[in-house]
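Just the one chain here, the form predicted alone, laid out as structure tokens.
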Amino acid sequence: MNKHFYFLAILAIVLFSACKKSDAPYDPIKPAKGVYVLSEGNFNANNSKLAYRDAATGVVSGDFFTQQNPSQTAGLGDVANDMLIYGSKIYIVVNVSSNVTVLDAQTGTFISRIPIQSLGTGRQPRYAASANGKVYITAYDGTVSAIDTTSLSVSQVIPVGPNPEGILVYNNKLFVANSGGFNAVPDSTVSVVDLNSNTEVARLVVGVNPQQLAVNSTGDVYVTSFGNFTSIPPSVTVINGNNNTVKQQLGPNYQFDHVRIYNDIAYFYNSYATTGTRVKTYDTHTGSVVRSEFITDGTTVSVVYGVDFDADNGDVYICDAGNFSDPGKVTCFSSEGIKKFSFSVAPGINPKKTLFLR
């Protein structure tokens, strides 16, 4: 009898544990094994770099791409502009080289280079977003390329506005910032692309020369714009991503050309020293300033060139381009704006994007 009771008790525990596990609303985020840092390099210098910092040891490999791929003698390419991890791969957008370089996310080893070209002419890809088994790439020829992540080839080219820059996915739609930066008069629109049909369904008027986009949990899309560099300053416009309408333009205290959002807090900054180096935080639900200066301990960042977040602990990684010619660095801050550590990405110049390997 005792044996039967013991067996039933063990079975009940196993079943309870199994149900409890399957009923969990989400899997906890794994602590980062390491951090990838993309440095764009200098224009026409073919000196883009991918660095890697091991989270356990703090050891930094400044030219991790070459270290892992000695057979790729041409290096990473000319002006690496953006990267993302999707599935088991890293997709790196290389602007002047006009390709997307694909690596194994766990090892950094080379898989493929996908040309972003038309009739042998580079289309100058810029930024990336992913959804539904596709990676979407903006390109300066006024298009978004859909890359099939199985075949690693461009499956469709979607027309949008002139010289698109930033891109994001929300509610099965692409939002694309059309800068028109190569035109005599910059553009002022965001294209909305329905991913069911891969066609543009709306074009919304925002600030002059729009650059970057970020979305909060309720679908408010924040768009930052450069302006015209003289009489029109940078600006921030808010779009309702659920119904494709413009909600508002933030006031004169929000002259920022870049934005990132984490836990519904927007981090606004300018990417050039001439327009200021602070990071301003803003609650996207209450519409109020959290801190006019995110950094609270007096740490200096020469040029805020990129802001990213470790979802495991809320740490904020700020890329510092320095003087745009010497190797840059990355500083990790707590969510309270206190420096935890920093590291050089030498020989990387102009670091602008960090990703977390888990």
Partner chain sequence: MHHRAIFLFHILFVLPATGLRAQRADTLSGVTLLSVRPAQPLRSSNISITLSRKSLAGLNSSTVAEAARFLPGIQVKDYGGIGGLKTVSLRSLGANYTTVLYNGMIVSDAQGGQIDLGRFNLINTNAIEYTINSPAVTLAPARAFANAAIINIIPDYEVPNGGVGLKAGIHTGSFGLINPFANLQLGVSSKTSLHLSGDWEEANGKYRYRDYENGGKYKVRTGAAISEFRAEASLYHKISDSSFLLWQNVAYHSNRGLPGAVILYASPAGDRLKSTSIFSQVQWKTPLSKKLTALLSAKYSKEDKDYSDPDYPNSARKLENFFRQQSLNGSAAFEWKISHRWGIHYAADFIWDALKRIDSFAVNYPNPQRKSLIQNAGVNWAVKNMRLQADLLHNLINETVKTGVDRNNESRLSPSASINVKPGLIPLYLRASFKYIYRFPTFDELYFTNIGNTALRPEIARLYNVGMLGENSFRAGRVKASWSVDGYYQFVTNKILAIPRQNLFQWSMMNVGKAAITGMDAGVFVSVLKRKVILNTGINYSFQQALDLSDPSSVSYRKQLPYAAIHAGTLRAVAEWGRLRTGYNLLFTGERYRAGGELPGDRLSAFTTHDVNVAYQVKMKKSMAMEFKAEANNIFNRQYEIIRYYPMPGFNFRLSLTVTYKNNKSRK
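Numbering follows the first chain given and starts at 1. Everything numeric here is computed off the predicted structure, so don't read it as measured data.
Keep in mind that the form predicted together with its partner chain is not shown, yet the notes after this line are about it.
*Asks:* Is it the case that D141, even though its partner is missing from this view, gets within 4.5 Å of its partner chain in the model of the complex, heavy atoms only?
*Replies:* D141 belongs to the contact set for its partner chain.
*Asks:* Please determine whether G77 contacts its partner chain in the model of the complex, using a 4.5 Å cut-off between heavy atoms.
*Replies:* Result yes; G77 sits at the interface with its partner chain in the model of the complex.
*Asks:* Using the partner position in the model of the complex, report whether A45 sits within 4.5 Å of its partner chain, counting heavy atoms only.
*Replies:* Result yes; A45 sits at the interface with its partner chain in the model of the complex.
*Asks:* Answer with yes or no whether R113 is in contact with its partner chain in the model of the complex, where contact means some heavy atom within 4.5 Å.
*Replies:* Yes, R113 lies within 4.5 Å of its partner chain in the model of the complex.
*Asks:* Of the listed stretches (216-224, 197-205, 118-126, 82-90), which one has a non-hydrogen atom within 4.5 Å of its partner chain in the model of the complex?
*Replies:* Contact-bearing stretch, as computed: 118-126.
*Asks:* Find the only residue in T57, T300, N323, S292 having a heavy atom within 4.5 Å of its partner chain in the model of the complex.
*Replies:* That would be N323.
*Asks:* Of T149, S188, S97, N244, which residue is found within 4.5 angstroms of its partner chain in the model of the complex when only non-hydrogen atoms are counted?
*Replies:* Checking each option against its partner chain in the model of the complex, the one that comes within 4.5 Å is S97.
*Asks:* May I ask you to list the residues of 169-195 that have any heavy atom within 4.5 angstroms of its partner chain in the model of the complex, in sequence order?
*Replies:* Heavy-atom contacts to its partner chain in the model of the complex: F182, N183, A184.
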